[in-house]
Structures are given as structure tokens and as C-alpha cells.
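The form predicted alone is given below as one chain in C-alpha cells.
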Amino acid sequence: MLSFVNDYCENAHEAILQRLIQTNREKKPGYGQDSYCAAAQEKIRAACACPGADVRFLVGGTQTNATVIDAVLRRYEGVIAAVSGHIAGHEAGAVEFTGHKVITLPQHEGKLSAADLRAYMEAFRAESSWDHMVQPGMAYISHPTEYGTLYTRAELEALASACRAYGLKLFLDGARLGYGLVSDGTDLTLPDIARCCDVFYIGGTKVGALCGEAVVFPHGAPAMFLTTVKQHGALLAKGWLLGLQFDTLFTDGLYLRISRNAIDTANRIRGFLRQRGLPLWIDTPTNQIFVTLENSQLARLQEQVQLGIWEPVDQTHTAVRLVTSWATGMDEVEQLGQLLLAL
């Protein structure tokens, strides 16, 4: 079976595995107080052009989202997200489990708009019983979005401006950030994100690491953040395992170099889809490819390919998702292409 179901089905980039082997018998301090975490933090600060940033390492995306949101918000505050946002639909209510409501607004190809955010905040402030309601304290976005789409620099700046106008923190989920940064036509960079956001994270789990996300607070972490991480059961004793991976990913541009493979292979798949005349459900520039298939075509493809079922289009068609990664081989893509051409 060919697998195009997600971008975290391989172990880790060989450079990371080699360093894990090389350092296997070293004795290191725990909880992120080691030299590898320190080195990775410095490299990430440099990549973000943000020398004063506070950089912390957590294990996974859902854990990171729930912990960061809980650490930043007051007990009575909620977080605004697009209705399609990951925290709203695919994290099993993890944010609500911490006591913070996810307030959903319309999505526009997976994105939250500054205009909708401003309209919501104006309506909220005009509500006479506002103090009986969940107080908005943060706006959450992901880049790339759940639909594989990207924010432009202008869109991110507009969101940042809206958040500052209404006293909201802006949090960017970067689980697939590497793929967004190297996509064709993007004008958004890591320094742009650090300039606009109050907190964001650089995804490792889906971009070459065994596991791990690097959380960046450009203006400093909330008070007692490590303690909050521990309260969430999210503090890894062997913290050097995360630091070493990010130190490797941010050495000699490895993070961006391996991310580009996902874009090149995804573009090749899109070429096969165009050649076969199969319609894209949504056109994206990243490593997530959404295509509409007849249900009979889908059944035949599933005999040889693992893929994601996204949603029904109508009674006879389904939107499916094909995902490439840092490790996807062009030979796999060519095999998939021949299957697509034969549908």
C-alpha cells in the first residue's frame, strides 16, 4: 500500500537519528536545562530574527495548543478561531477541557479574517451583558491552515493589528510551518511571524522530527510557564531529546531544505490530477492536496493507497486528502500518479 494519509507516518530524518545514536550514552540534565536545548534556542532566535525570544520545547501539537492557551489566558477568557480551526474540530475539546471556550467565527478557505474578528469584537463590546459572557482573550490561527492554505503577510499583519486594537493575544499554530515557509508564492517569513504574533510554534512532529514542537514567545513567556507545562503533564524529563532534534533541524538550513521535498512531491501529484482531469476540492500551495473523486474512483484507489476522507461533496462524490511530507519519495509519487491516471 502507498501511504499519503498524513505527514507524520515516518520516523525521523536520518540526521536526527544519527545524532541520537552519537549522544546516546551522554549524561544530560533534565527538563530542558541541557546544552542541546540551549543551542537550539539560540538557532531558533536567530532564524526568527528575534534575539530576545523565549523558546520552549513541548512534545506534540494538541498538548502545545492546550498548554499555551491555558498559560496565556485568564480563567474567564476564551480563544477565537475559525470554525475550521484545528482546536475547534480535531483536538477532542482539549482547550475546553482546560476551562477555556473556543469561540468560532466563519472560515475563508480555512482562514480567519481580520474583518470578521473586528466585527465580532465590536458586537461583543456593544453587548450590554458582556460581563456575563466568555471574554475573548486570544485569536488562534494555523499556518498552513487545516485546508493547506496560507496567510499572506498583509493578512497576518491585519490580524495582528486587530488583536492589538482589542487587547487580544495572537497565537499561530505552526504544526506544518516548514511547508508553509517554503511554498511557492508565499511572502510570509519566520521573522514576519515573530513580529506579528505574541506566541507561535515551529512544528517538528510533521517536519522531520520524531516528535516535538518549538514554542516561541517573541516578548517572553507567561509567568511560571514551566510550572503550567508540568501541570498539564507536558514537561518531558528527557528534554534534551527535543532540544537535540531542533538543534539538528536548525543547523545548515535543514528544516527548510527537507520541507521543500513535500512541496515538490505535492506539486507533481497536482500535475497528475490536472492531466487526468480530476477536480481539486480546494487549490492549495502546500503539502495537503484536496481532490474530488467519484465514490467508485475512491473505492478503487483505496485498494492500493492510504488517504484521508475529508467530507462528502454530494451523494456520488467525496473530497479526499492526499498528504506528502519531508520523506515522500518521488518514486512513490510516480506510482500514485499512474493509479490516478488509470481511474
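Since the structure is predicted, the reported quantities are computational estimates derived from the model, not experimental observations. Note that residue numbering begins at 1 and tracks the sequence as displayed.
There is another form of the same protein, the form predicted together with a further copy of the same chain; it is not shown, and what comes next is about it.
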Answer key, a further copy of the same chain contact in the predicted complex at 4.5 Å (heavy atoms) among Leu181, Leu150, Val216, Ala209: the residue is Ala209
Interface check vs a further copy of the same chain in the predicted complex: of Leu256, Ala119, Met133, Ala165, the one with a heavy atom inside 4.5 Å is Met133
Decide whether Val59 counts as a contact residue for a further copy of the same chain in the predicted complex under a heavy atom distance cut-off of 4.5 Å.
yes
Point to revise | Any non-hydrogen atom of Arg270 within 4.5 angstroms of a further copy of the same chain in the predicted complex | key: no
Requested in this report: Indicate whether a further copy of the same chain has at least one heavy atom within 4.5 Å of a heavy atom of Gly93 in the predicted complex.
Outcome: yes
Indicate whether a further copy of the same chain has at least one heavy atom within 4.5 Å of a heavy atom of Gly185 in the predicted complex. no
Here the chain appears without its partner; judged in the predicted complex, the stretch of 111-119, 193-201, 154-162, 82-90 with heavy atoms within 4.5 Å of a further copy of the same chain is 82-90
| field | Every residue of Leu105, Arg274 and Ala342 near a further copy of the same chain in the predicted complex, heavy atom within 4.5 Å | value | no
Taking a further copy of the same chain in the predicted complex and a 4.5 Å non-hydrogen atom cutoff, the residues of 225-248 making contact are Leu226, Thr227, Thr228, Lys230, Gln231, His232, Gly233, Leu235, Leu236, Ala237, Lys238, Trp240, Leu241
